[in-house]
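The chain below stands alone and is given as structure tokens, in the form predicted alone.
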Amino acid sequence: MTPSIQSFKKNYTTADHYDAILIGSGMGSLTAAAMLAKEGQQVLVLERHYTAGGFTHIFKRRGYEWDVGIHYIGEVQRPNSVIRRLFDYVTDGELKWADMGDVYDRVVVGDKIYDFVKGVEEFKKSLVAHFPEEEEAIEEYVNLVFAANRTARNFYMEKAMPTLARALAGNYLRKPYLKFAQQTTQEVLGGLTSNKELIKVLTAQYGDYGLPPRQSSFVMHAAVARHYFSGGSFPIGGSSQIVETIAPVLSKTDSTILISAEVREVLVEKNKAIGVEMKDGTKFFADRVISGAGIFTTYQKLLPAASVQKHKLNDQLTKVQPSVSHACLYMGLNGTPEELQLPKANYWIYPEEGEHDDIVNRFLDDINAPLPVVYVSFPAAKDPDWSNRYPGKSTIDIITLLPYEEVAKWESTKWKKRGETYDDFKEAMAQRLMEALFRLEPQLRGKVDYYELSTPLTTKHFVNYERGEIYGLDHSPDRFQHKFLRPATPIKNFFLTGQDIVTAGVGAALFSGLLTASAITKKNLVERLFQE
């Protein structure tokens, strides 16, 4: 049996021909690969980074490890949810989850704290306690979140349907969802209440998809809000367990994940994808090729120029925008999570004055203005296995928005060799983020053993997103109108997967893999999940 994770730089073993080649090893690619493997197909996953997993990977430094993209996952607390069934299916039930407890998010506005509590009724009660005069608006808000989400399944499954079926039923399946999608989050919530503080609190999770209320589509907001109504969870053993539990599933069909394996170009003959050419000239061949690298990278860097021109794929890119970029401070601390009194709930920290959109605009105009959002995650406290792996240690992640333009002046430099002015810039941002943390958790001051800040240039270097974007495409109302954001492409046997064809986040990327595998096999694989 072929080892399922190998390095392209070392002696690796591959087949002469594959059923499918996947570019990138993010959640969408891994899910599609596992689902195709379970259909008996032999697949090859190619990852340019030296570790697999995309935004689910971890990195280690100075005796610590950090999860790059997974901070909490919803819906896995419900055994019959599609997300839980999907995770169980692609990992053969080996991926285990730890519940974060009753409070999953803690919204901080100035000196006020609002808890997002697990359970729909408890969520509403907690908010009504803060806004007793807004009980009717809160009730209607939750109803609208559920109503929007009920229309989502048909909208997304339409993306995987054969061409003829889409032509006959596509508009009918899409229309209910688009009714919600064409409205901004602010428009919907502004129709329920004039209480700006309540709207600010209800939309506090906008950092999970990147756009503040006046710019984001309500369906994106509703998807995130609904996703966490049942609480948040964290993978036991860290997010690296996602790859570690999917890899054995791939090995059953001698499928392989190759790391340090950068694709130069997709091989296309007579408008048919037949394989890929690697950066060193090596070629791998397959019946079909799937890109999980995002449509900007795929169309601008991976497809032959002739194919892009033939199908006017660059025209598609003019109709969508990259999502936001960010900075993340990775902190290592001396002391166990218990000793340091680390909470499991995340913090969403905002300035007291102003609505989210105005606060963001102020920051975009002047980076020295108050940080528009500070998100704090305590992975060491969320993972019950953490102290077994790292006794006497803890980690914290702190994230904020950071425009790519602020670091663009250093884009021609190399990772870890960008110069003193870049290091000074990072240090100043790191100190600002730490101060936001210490204001809420003052006992942590003096406990920091190591810290490191990533910027959009870091994301660009490792994930190959041109502007260091974290969520693929912006989730504006316009985004959901575009029918080309689907698995199938005009190039025969060439498919897309990943968050660009669904929405932001690990859960959406997971679902995108299901859609791509369904489009390829022409089977309703959702039914397969529940049959097993």
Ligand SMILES: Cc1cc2nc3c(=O)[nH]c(=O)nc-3n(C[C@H](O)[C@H](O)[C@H](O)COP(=O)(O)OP(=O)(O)OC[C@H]3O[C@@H](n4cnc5c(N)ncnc54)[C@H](O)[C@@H]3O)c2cc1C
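Residue positions are given as counts along the sequence shown, with the first one as 1. Computed from a predicted structure; not experimentally measured.
The following text describes the form predicted together with the ligand, which does not appear among the structures shown.
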Checklist entry - Is the ligand in the model of the complex near all of Ser25, Gly292 and Thr297, within 4.5 Å of a heavy atom of each? => result yes
Checklist entry - Does any heavy atom of Thr56 come within 4.5 Å of a heavy atom of the ligand in the model of the complex? => result yes
Checklist entry - Going by a heavy atom distance of 4.5 Å, is Val263 a contact of the ligand in the model of the complex? => result yes
Checklist entry - Does Leu302 make contact with the ligand in the model of the complex, using a 4.5 Å heavy atom cut-off? => result yes
Next on the checklist: Please tell me whether any heavy atom belonging to Tyr228 falls inside 4.5 Å of a heavy atom of the ligand, as the geometry stands in the model of the complex.
Outcome noted: yes
Checklist entry - the ligand isn't shown here, but in the model of the complex, which of 72-80, 387-395, 126-134, 349-357 has heavy atoms within 4.5 Å of it? => result 72-80
Next on the checklist: Counting any non-hydrogen atom inside 4.5 Å, which residue from Tyr422, Phe363, Phe462, Phe285 sits next to the ligand in the model of the complex?
Outcome noted: Phe462
Next on the checklist: Looking at Met35, Ala488, Leu44, Ala504 here, can you tell me which has any non-hydrogen atom within 4.5 angstroms of the ligand in the model of the complex?
Outcome noted: Ala504
